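Just the one chain here, laid out as structure tokens, in the form predicted alone.
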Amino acid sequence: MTSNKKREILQELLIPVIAVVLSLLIGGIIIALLGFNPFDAYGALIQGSMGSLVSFTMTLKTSVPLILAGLAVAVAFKSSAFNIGVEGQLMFGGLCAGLVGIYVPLPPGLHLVVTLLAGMLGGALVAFFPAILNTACNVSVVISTIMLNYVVQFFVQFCVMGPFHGDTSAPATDPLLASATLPNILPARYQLNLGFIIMILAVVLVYIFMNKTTKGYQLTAVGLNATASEFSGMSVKKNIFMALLLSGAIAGLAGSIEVTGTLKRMVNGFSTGYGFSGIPIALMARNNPFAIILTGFFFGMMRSGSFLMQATVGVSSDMVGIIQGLVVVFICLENLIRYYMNRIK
């Protein structure tokens, strides 16, 4: 391996790290300007997310939908389809899983599988509309997916608050049947369910598909060079169509796991921006499925620890959103970071 190749690989690894460090640094400055001690704030963040086995498993549970959302974004990004609609696909997948889990009684085991598949189909259905618009009418995937988020959000709200509202004052459906819920893999106090194992399996399967199969290679090739792929006989639009459906299915799985594993019912607004967080998670990981586990865990750690940071130090948990936004900014400044890294001999 040449020295230039080694340098390039090192830069690929360091750029996300530099983006996180700069984001945390600026976040710390903002915290200080607000009159709080940034060291206390970040200490509480770490303590709240990994200070005990209970908090650590809570962080793992929080990371599951984030990692799957990042995986959904990465699959689409790999084929140059910028799916910004993962949030809506995730919510609709959760709704479909919830309704099947409540109103379609099936034998144990089969019921859970059908419920999760219903969520995946729901996510793929939402992704189908921007996919067909892009294929048939050349409509921008970015515009159609981001606008569809609002349509899905209000449709889910109508369903949960209207015809499927449960016997409760909360904006939620009735509880799912026990046969449609994900069992815990640890004692109940640790709150880690089978969804964690399903997430790991999804990451492995996506990695194998993208790197070891012909279809996965075609998706990647289209993303790298659409013109060359077209000349070599690949259908660019067909591959983008397939990438969007797969992305939507993974997003739907994320919503299904939240509904069947964490909430045990469909709750209006259950996704607190998981789909949008998937974008920086995928960007930081360079769309690598295994790296997404690390970046998703980092975002899960910030979310999980932000509550203790707010309770003990007084720094709003919204600071986590600011830091996430800064990560996106610095990832987008990749070329500038790379320029200064190349100047270091």
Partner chain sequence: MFSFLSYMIPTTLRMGTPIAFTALGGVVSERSGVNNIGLEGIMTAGAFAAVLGSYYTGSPWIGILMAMLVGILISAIHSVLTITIGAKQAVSSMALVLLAEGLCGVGVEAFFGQSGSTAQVNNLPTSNIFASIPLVGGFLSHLSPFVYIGFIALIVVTLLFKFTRFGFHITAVGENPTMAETCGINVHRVRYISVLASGLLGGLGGAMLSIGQMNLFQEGMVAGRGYLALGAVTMGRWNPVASYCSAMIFGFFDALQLYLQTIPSNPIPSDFIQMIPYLAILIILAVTSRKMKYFGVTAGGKPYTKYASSH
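Because the structure is a prediction, the values reported are computed rather than measured. Numbering follows the first chain given and starts at 1. For the two forms, the rigid core is made up of the largest set of C-alpha atoms that agree within 1.5 Å on superposition.
The same protein has a further form, the form predicted in complex with the partner chain, not shown here; the description that follows concerns it.
K.L.:
Does any part of residue 217 reach within 4.5 Å of the partner chain in the predicted complex? Heavy atoms only, please.
P.N.:
Looking in the predicted complex, residue contacts with the partner chain do not include residue 217, since no heavy atom lies within 4.5 Å.
K.L.:
Counting only non-hydrogen atoms and a 4.5 angstroms cut-off, does residue 226 reach the partner chain in the predicted complex?
P.N.:
No, residue 226 stays farther than 4.5 Å from the partner chain in the predicted complex.
K.L.:
Residue 177 near the partner chain in the predicted complex, any heavy atom under 4.5 Å?
P.N.:
Taking the distances in the predicted complex, the answer for residue 177 is no, it never comes within 4.5 Å of the partner chain.
K.L.:
Hey, in the predicted complex, does residue 158 get a heavy atom within 4.5 angstroms of the partner chain?
P.N.:
Yes - in the predicted complex, heavy atoms of residue 158 and the partner chain come within 4.5 Å of each other.
K.L.:
For the three residues 136, 146 and 319, which mark the spot I'm curious about, does each lie within 4.5 Å of the partner chain in the predicted complex through at least one heavy atom?
P.N.:
The answer is yes; 136, 146 and 319 each reach the partner chain.
K.L.:
Taking 4.5 Å between heavy atoms as the contact cutoff, choose which of 209, 82, 128, 164 touches the partner chain in the predicted complex.
P.N.:
Exactly one listed residue reaches within 4.5 Å, namely 82.
K.L.:
Among 46-54, 276-284, 300-308, 59-67, which stretch sits within 4.5 Å of the partner chain in the predicted complex, heavy atoms only?
P.N.:
Contact-bearing stretch, as computed: 276-284.
K.L.:
Going through 316-334, which residues have a heavy atom within 4.5 Å of the partner chain in the predicted complex? Please give them in sequence order.
P.N.:
Those in contact are 316, 318, 319, 321, 322, 324, 325, 326, 328, 329, 332, 333.
K.L.:
Once the core is aligned, please say if the CA of residue 336 is shifted by at least 2 angstroms between this form and the one not shown.
P.N.:
It does, since the residue 336 C-alpha is displaced 2 Å or more between this form and the one not shown after the core fit.
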